[in-house]
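Take a look at this single chain, the form predicted on its own, given in structure tokens.
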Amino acid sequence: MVELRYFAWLRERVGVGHEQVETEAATVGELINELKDRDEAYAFAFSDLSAIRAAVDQELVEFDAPLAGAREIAFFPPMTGG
């Protein structure tokens, strides 16, 4: 079981701020594909991957990052600021 956290417009599109899921995904990208197959809300939320960042256990990662041993995966829009 892994904790998923969604922030900003991703949370709005998915409809929840966090949830626990069982996954067979080996990478963040595979997890995203599993989520997209769930229903239209997830497919819409993850339709533009260039507008999404991911963190595994609070460390920014690429979509090919492994999930082995991960406790939390967060998805959020790119950060801006100065």
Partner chain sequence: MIRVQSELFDMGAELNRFAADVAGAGAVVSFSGLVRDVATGDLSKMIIEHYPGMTEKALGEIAEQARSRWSLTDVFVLHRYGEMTPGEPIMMVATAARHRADAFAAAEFLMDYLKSRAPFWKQEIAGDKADWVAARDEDEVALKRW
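Numbering follows the first chain given and starts at 1. Quick caveat: nothing in here was measured; it's all calculated off a predicted structure.
Separately, the form predicted in complex with the partner chain exists; it is not shown, and the next lines address it.
Of the residues given (A74, V14, A70, A65), A74 alone sits with a heavy atom within 4.5 Å of the partner chain in the predicted complex. In the predicted complex, none of the heavy atoms of M1 sits within 4.5 Å of a heavy atom of the partner chain. The partner chain in the predicted complex comes within 4.5 Å of no heavy atom belonging to Q20. Using a 4.5 Å cutoff between non-hydrogen atoms, E34 does not count as a contact of the partner chain in the predicted complex. Contact check for D57: a heavy atom falls within 4.5 Å of the partner chain in the predicted complex.
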